[in-house]
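Just one chain follows, in the form predicted alone, and it is written as structure tokens.
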């Protein structure tokens, strides 16, 4: 039987499950849960062949408990109001979990970008931005978009240029959007941030010996077999960083099929093959399967759904063979599937935590744009000089001469080093808070999983913000 939950209902079901473990007034909980603003607008676009097409776009701002709101813009045929409100809600809880001071938002345009030329996509993006400006849904202190499924640095550059053209505040206009190209005041490490955050989160979760023992796994990522669904920006970077962390990526799934090799893939070579051919199909010396859903059921230690929502359902959940489901995508597990997987003892690391790397580094970019100072600029030269002095002292005391390769390693932190360090620290702290909450309720004989613990933590933090505003006692 098909599951009847809409995406937004699914998010609210998870919220309600966690809210039962809190003692906040019903009115406060309803205010946290509700979507504050949602806007659906249409506009005409002239295609390259001269025909006129009506485009549907949305922007939702889920929570104004703290401003600005923050969330990506996706281009997909699946975009609708329910999906955008659900994703905006997840952004609210995600930002709270990792202590990023944004309310949640999300936007999208209902289209398949493969059916449009670059000039058509530019016209659509600029007109969408114009609509956001007219309706006061964008601004450095109002609502700050970012890339999402189907969008990237190019679209963010178009948004920035359109906004600057119309912005009354030119000084801080650069902070109206994140995920920009480096040449347009983007930040190093943003493009791969979500995938890198997935791996930082997994490393922390897998480092807990007690939890891994319950799953029948050794601690750490070393040697763990991983299947990644989705080879876009998030999935490809997650796969690359998993390989670098000594995990074995044995399966990669895309919309038109998947590949499997029990020995593990060289992700850089797979990415190169995909770039040259447009698909992972035909990658040498591997097993190819036509039905992408078959890949979800491959034997592995960790399954990483990094595509779209509702990929794990009541239909396929009984056949999932992974010990850990690491939700790199937003809402990849339906409520019924979640229940089945939990009952089977499979550990689910929830999306509200695991894919928070993107918004965390977007926060760094937003701060950088507002401060007008590149991270590391003030301290890097001092660090380099201090390390140079220390190296000379070591050489003088020991007679050892550092090689050129060793000297390359010994350098002050640049912007990307600082960004990655901040991201790793954020993911470690957030996971430890989630686990602490889990264990706290487990000790009270309440069966609280990671997802519920994450929602409990988010509710506490958001409720505190509302109470500090004096709206609720």
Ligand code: GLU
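Numbering follows the first chain given and starts at 1. None of the values given here were measured: they were computed from a predicted structure.
We do not show the form predicted together with this ligand, though everything after this point is about it.
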Among 333-341, 215-223, 69-77, 247-255, which stretch has residues with heavy atoms no more than 4.5 Å from this ligand in the predicted bound form?
69-77
Could you spot which one of 350, 201, 358, 108 gets a heavy atom to within 4.5 Å of this ligand in the predicted bound form?
358
In the predicted bound form, which of the listed residues (147, 230, 104, 195) lies with a heavy atom within 4.5 Å of this ligand?
147
Using a 4.5 Å heavy atom cut-off, state whether residue 91 contacts this ligand in the predicted bound form.
yes
Going by a heavy atom distance of 4.5 Å, is residue 180 a contact of this ligand in the predicted bound form?
no
Does any heavy atom of residue 129 come within 4.5 Å of a heavy atom of this ligand in the predicted bound form?
no
Spell out, yes or no, whether the shortest heavy atom distance between residue 237 and this ligand in the predicted bound form is within 4.5 Å.
no
